[in-house]
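Before any questions on how it binds or moves, here is one chain, the form predicted alone, in structure tokens.
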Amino acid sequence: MQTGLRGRDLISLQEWTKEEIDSVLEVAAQLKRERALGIPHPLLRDRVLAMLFFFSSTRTRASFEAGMAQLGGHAQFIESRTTQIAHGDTAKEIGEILGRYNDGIAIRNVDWGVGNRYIRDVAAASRVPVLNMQCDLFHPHQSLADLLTIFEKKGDPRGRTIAISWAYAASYQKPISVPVDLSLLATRYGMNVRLVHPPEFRLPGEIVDQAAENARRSGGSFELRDDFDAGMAGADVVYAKSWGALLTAKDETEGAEIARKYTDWIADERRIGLAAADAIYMHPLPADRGIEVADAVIDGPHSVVYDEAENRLHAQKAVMALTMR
């Protein structure tokens, strides 16, 4: 159990040791048990978290707000377009000022080539912890919730096979932060990670290299595949979701055109049947139902998406409790 996390930023889990991540999971499980038993845990009484959003949110906003309330504190919702951030407040000013008003700053900014840099610039100017609620590269709190769910459903994930696969979606060109972060985290826990996607939907080379090195150190494996069916075969965990062709396309229009070549990449009953008999299906939500995933899968016996969504609350409470005391 690592106890020296007070004041730490969480921007990328790659910057935290495995022992520190283990501590988060341990605290998350404890807080989840206490919540189930009705045991209050006001560990952050009178603390305030500023939540700055540059991108729409349902689960992230709701879970962080609920988590701060359950920890005895308060969460401020700050929307970039309805504040002076839209008219000139700089990242340094946000870090300096919100860091003086509040006990933590959480930011969601998924703008490609901008989000991670912005969060780091705020953190450089802030005297309080800065938490990444999702940027263009990383989604650490989602990955923590995913790993907590895998532990609950599958036990020790070492040696288990997870297929992190692209799937088609028509709604918009979704960020790459979920497959990036989960590939990096699962390989640190000794999982056999298959990253499955059409060639145009590759992830940054440095991320692929880091995941491969994580796997080497943990005793797991990391492989790239471009065949959806082969990627699903025998998998213990199926994590199929869409992301944009951000390293290939010039803009969203071109990205959508590329994606339309692969409309058959849907997590349907036939494909879930290729996985292990007791495989679990995961998705961070929202999903494009009937396009990205079949209703029979996301609502079926393999799906753990609601337990996974609930674990956002518990994992985030653990991070806040450990960093904002």
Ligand code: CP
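A residue's number is simply how far along the shown sequence it sits, counting from 1. Since this is a predicted model, take the numbers as computed values, not measurements.
Here the subject shifts to the form predicted together with the ligand, a form of this protein not shown in this document.
Here the chain stands alone, but in the predicted complex its contact with the ligand, taken as any heavy atom within 4.5 Å, falls in 50-58 among 50-58, 257-265, 273-281, 28-36.
Although the partner is absent from the chain shown here, none of K18, S143 and R188 has a heavy atom within 4.5 Å of the ligand in the predicted complex. Taking non-hydrogen atoms only, H314 never approaches the ligand to within 4.5 angstroms in the predicted complex. When the ligand is considered in the predicted complex, L285 lines it closely, a heavy atom lying within 4.5 Å. For the chain shown alone, R108 is a contact residue for the ligand in the predicted complex, at least one non-hydrogen atom being within 4.5 angstroms.
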